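In the block that follows, a single chain appears as structure tokens, in the form predicted alone.
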Amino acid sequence: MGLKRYFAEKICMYLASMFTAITLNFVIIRLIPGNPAEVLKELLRQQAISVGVVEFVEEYIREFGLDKDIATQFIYYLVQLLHGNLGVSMTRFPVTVQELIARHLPWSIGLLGVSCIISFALGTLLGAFLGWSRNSRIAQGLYYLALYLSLTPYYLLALILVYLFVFLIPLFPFSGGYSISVSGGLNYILDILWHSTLPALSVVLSSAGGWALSMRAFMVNVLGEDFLRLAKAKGLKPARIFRLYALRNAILPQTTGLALSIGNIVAGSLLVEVIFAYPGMGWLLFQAISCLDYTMIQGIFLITVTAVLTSIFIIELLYPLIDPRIRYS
């Protein structure tokens, strides 16, 4: 009965959080200074278009419902969401938001998803070593290295890597996700990996330091627990104690951090994709904000929030499997 109540509470919290996020997503975007219609007028002016501008802008406003009050717009937005429709891009009409996200999301998942997993694995293992062997000189040296990396923003690391391996030692391309001259096949895959190396490396180096420090703190706390003393008193091998007792208990709060970092896969590393002009969700969001494309911003934020909340929801459902204490309580 306890587990049923636990799952029911988590489901209710998940649904309530989703509705709150959808509401804030809709309202906050409309608090951004400016107006999409004014941006459209400016774009037409830059293209030296003057005939029929007023009529075109008025039709644009009616088409996207900008002439209606915010409550009516919100109800229409909810109805469209229930039908799985994120709307049409305001700046790339008639292309839909789903189509644009479908083009750019795989790039972010490929780059940031792999980077997130690698940095989590490396940082967790390094942090476990730092906590377990915290008195050794090697661990102390690695601790300061992890501290330095965690305090360095990923976009600053990106700029440093660009200077070192693009301008000083030209080993990697400066921008883009692939070379136009390369078509399908193995060469195309290798070209994508070549373009994504520096963006991925900047994220991995910065994130791994933070994961290592947090895991070290969790490991140090676990080392003082009674069950670890009991395992040592039983004469178990240090490797077994480290793997099954210390690491397994210390990694539990670390998994929650992994769930929160899922949002970076969608749009969290915006500046990295902007610096490298990488065709992912961060680059798409940057362009949407620059043009005040409400529907596009809403769609990207919705995907981001959904990814974060769903990942946290799944982790919380898995907690009873990871930690038996939750089942027994």
Partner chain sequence: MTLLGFARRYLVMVKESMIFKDLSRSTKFKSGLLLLLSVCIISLIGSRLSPYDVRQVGYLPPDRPPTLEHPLGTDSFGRDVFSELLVGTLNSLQVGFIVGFIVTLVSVALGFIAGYYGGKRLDAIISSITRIFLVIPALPVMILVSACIRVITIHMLALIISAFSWPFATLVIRSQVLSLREKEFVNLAKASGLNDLRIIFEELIPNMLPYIGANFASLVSWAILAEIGLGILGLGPMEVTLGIIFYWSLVHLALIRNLWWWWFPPILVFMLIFSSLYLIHSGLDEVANPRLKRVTGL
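Positions refer to the first chain, counted from 1. Nothing here was measured: the structure is a model prediction, and the numbers come from that model. Heads up, when I say rigid core I mean the largest set of C-alphas that superpose within 1.5 Å between the two forms.
From this point on, the text means the form predicted in complex with the partner chain, which you will not see here.
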May I ask whether L147, L270 and I275 all come within 4.5 angstroms of the partner chain in the model of the complex, judged by heavy atoms? yes
Given that the partner chain is left out here, which of L244, L159, A121, I189 has a heavy atom within 4.5 Å of it in the model of the complex? L159
M13 versus the partner chain, in the model of the complex: is there a non-hydrogen atom within 4.5 Å? yes
Taking the partner chain as it sits in the model of the complex, is L24 in contact with it (heavy atom to heavy atom, 4.5 Å or less)? yes
Quick check on L151: any heavy atom within 4.5 Å of the partner chain in the model of the complex? yes
H104: touches the partner chain in the model of the complex, heavy atom cutoff 4.5 angstroms: no
Select, from the options 106-114, 198-206, 220-228, 245-253, the stretch whose residues sit within 4.5 angstroms of the partner chain in the model of the complex by heavy atom distance. 220-228
Does any residue in 286-314 get within 4.5 Å of the partner chain in the model of the complex, counting heavy atoms only, and if so which ones? F286, I289, L292, Y294, I297, Q298, F301, T304, V305, V308, L309, I312
Honestly, after the rigid core fit, is E99 moving at least 2 Å at Cα between this form and the one not shown? no
